[in-house]
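Coming up is one lone chain in structure tokens, specifically the form predicted alone.
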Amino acid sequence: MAGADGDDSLYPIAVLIDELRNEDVQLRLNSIKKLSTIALALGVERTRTELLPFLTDTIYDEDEVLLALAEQLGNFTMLVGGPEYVHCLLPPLESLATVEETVVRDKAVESLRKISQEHSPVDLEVHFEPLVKRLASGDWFTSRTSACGLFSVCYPRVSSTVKAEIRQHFRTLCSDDTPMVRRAAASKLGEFAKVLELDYVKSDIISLFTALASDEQDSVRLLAVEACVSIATLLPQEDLETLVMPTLRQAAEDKSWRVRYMVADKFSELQKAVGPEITKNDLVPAFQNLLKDCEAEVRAAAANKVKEFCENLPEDNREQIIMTHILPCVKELVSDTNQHVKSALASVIMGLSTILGKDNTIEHLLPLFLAQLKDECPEVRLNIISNLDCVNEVIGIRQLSQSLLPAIVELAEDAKWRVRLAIIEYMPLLAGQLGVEFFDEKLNTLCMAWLIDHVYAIREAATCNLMKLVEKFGADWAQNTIVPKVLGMANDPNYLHRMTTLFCINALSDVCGRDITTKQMLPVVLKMSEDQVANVRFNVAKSLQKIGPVLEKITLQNQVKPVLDKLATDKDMDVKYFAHEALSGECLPVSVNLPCCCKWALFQTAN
């Protein structure tokens, strides 16, 4: 019996070994994902002495299995006995940090960074720091790239002697022969700089930053630009000009467009890091050059930062800088040959109106907005329309209507239905900005015209648009302005337009309320039950079911039910079906509210 107990105690590890050696990858993956359960079954001591050595020796599997293992080990601290024994997790994670697959290495480094915080300062020097050194000195580039992500987590908690060794290892990796290692070092340069003492930032990090920013590989140089933001925030203002700006100027004019793109993408962060004086003297000319760059990707990235850059300029001469240096470049970008550049600019250009004020907006920005509203690219036009409220706040509704509204109306009648659809979606926003009087005068006719568009998606969107407009302007406005025109379409010769009347009534009944629905809409719906087209008749049944909850019970009983009873005997199968659907709905008090599974039985019984 004792022997049997002994066998039982070995069972969990035996199952794990068996499953990990199974040919089925999914089985091995499932086994790895259950490691915590197996570790609990084994206990902390056997997990340390049996499970972890086994895992360390068997790291040869598929990448997805190794990825799961690297993730699991990051949460294993308590399963090996707590922080006192957390160093037992280092051997398998060290092995995982050297594999060829990048995602596995990254996950192993993430887990190592996590458990480094659980080491005591003594254990960090005895166990963790030697691991970092081994990785940094490894023969394969994979281990050296992983080491780059570990320096910053152990540096603050080790002795001065060990700190010096860590700095030396990082310097070595920054000049490694393998570009992948230099890339990894460059990506962690800013992070490492944040944990260093200021003197070492000046003496060590700046020289490394300069070297990496001049690397022969553009993939290394562009990562150095990211580090520039972190380094600039650490240095006193008086040191920036001599230690950082020469390298940043060089990056902004780099021969590789990818490096210039990174400068443009990080420009606002760089601007905040270096302060107003350097921005005025150095960054303004650099930003001008990026807006005029020969590569469209760089121009698009810079254009996307125009508003943010202008907002962060020093207030005392902000307007002068924008009008003199930035606006001429912006005017050129409005007619750029690349649609991505124009679209990026259109998404932010409206924000300049609040910065420059009413007079400058009317004189200089409105012509640009108008040009973009007429751009052949739909995305450019939509980016302008979606930000009209910015301009409205600055120049007022009258000026806006005289300048931009004709272009909006032109778009609303565009030959491409997707352009018309996009304008419809912005109409409630425009209505709210322009007010009811202006809307009735300029845009009401347009909204009604969309209801008889030849494209169904336009008619559907126009119906939703009416509902949103009524929500903004109220039921009284709807009764006087919208409802009569909608109900007039019930006599249209085109059955599609008659159906649109029903769709509008469905949408408007809730927002217009019981009185308007009962007195004006319901009689029209009931009359349409005699339409010659079956599609119209079954939509009458659906409409009666939809507006039923708005009506009084007596109206349902005396007016709605007789019509539905008649439709339930219609010669068309679809009309009969939807009539029975409406009769069985809960809006009609005289009917039994049947479950869905019974509705078809009711329909068949009626036939």
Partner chain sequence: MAAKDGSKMSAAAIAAEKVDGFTRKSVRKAQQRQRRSLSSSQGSSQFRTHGAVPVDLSLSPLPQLMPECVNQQELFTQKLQQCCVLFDFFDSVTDLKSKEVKRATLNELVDYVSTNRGVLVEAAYPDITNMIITNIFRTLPPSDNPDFDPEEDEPTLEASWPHMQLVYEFLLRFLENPDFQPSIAKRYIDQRFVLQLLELFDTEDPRERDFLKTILHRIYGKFLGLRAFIRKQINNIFLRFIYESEHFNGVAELLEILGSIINGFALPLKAEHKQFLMKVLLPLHTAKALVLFHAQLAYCIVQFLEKDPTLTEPVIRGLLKFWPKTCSQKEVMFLGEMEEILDVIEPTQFKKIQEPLFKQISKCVTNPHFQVAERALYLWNNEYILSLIEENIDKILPLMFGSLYRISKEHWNPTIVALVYNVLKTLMEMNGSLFDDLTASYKNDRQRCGTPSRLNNPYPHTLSS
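Residue numbers count along the first chain shown, from 1. Under this definition, the rigid core comprises the largest set of C-alpha atoms superposing within 1.5 Å between the forms. Keep in mind it's a predicted model, so treat the numbers as computed, not measured.
The same protein also exists as the form predicted in complex with its partner chain; that form is not shown, yet it is the one meant from here on.
Participant: Could you tell me which stretch in 422-430, 530-538, 98-106, 351-359 has residues with non-hydrogen atoms within 4.5 Å of its partner chain in the predicted complex?
Facilitator: Within 4.5 Å of the partner lies stretch 98-106.
Participant: On the criterion of a non-hydrogen atom at 4.5 angstroms or closer, are 178, 219 and 295 all touching its partner chain in the predicted complex?
Facilitator: Yes, the whole trio is in contact, each within 4.5 Å by some heavy atom.
Participant: Counting non-hydrogen atoms within 4.5 angstroms of its partner chain in the predicted complex, say which of 163, 307, 183, 498 makes the cut.
Facilitator: Of the listed residues, the single hit is 183.
Participant: Select from the listed residues 207, 339, 187, 403 the one whose heavy atoms reach within 4.5 Å of its partner chain in the predicted complex.
Facilitator: Answer to the contact question: 339.
Participant: Quick one: is residue 62 in contact with its partner chain in the predicted complex, heavy atoms, 4.5 Å cut-off?
Facilitator: Contact with its partner chain, yes.
Participant: My question is simply whether residue 75 lines the interface with its partner chain in the predicted complex - judged by any non-hydrogen atom within 4.5 Å.
Facilitator: Taking the distances in the predicted complex, the answer for residue 75 is no, it never comes within 4.5 Å of its partner chain.
Participant: Would residue 519 count as touching its partner chain in the predicted complex under a 4.5 Å heavy atom rule?
Facilitator: Contact with its partner chain, no.
Participant: Just to confirm, residue 256 within 4.5 Å of its partner chain in the predicted complex by heavy atoms?
Facilitator: Residue 256: contacts its partner chain in the predicted complex.
Participant: Within 4.5 Å of its partner chain in the predicted complex, counting any non-hydrogen atom, which residues from 78-95 show up?
Facilitator: Going through 78-95 in order - heavy atoms within 4.5 Å of its partner chain in the predicted complex - there are no hits.
Participant: Rigid core fitted, is the C-alpha displacement of residue 245 between this form and the one not shown 2 Å or more?
Facilitator: For residue 245, whose C-alpha is compared between this form and the one not shown after core superposition, the shift is less than 2 Å.
Participant: Using a rigid core alignment, state whether the CA of residue 375 is displaced by 2 Å or more between this form and the one not shown.
Facilitator: No, residue 375 moves less than 2 Å.
Participant: Core aligned, does the CA of residue 459 move at least 2 Å between this form and the one not shown?
Facilitator: Yes, because once the rigid core is superposed, the C-alpha of residue 459 moves 2 Å or more between this form and the one not shown.
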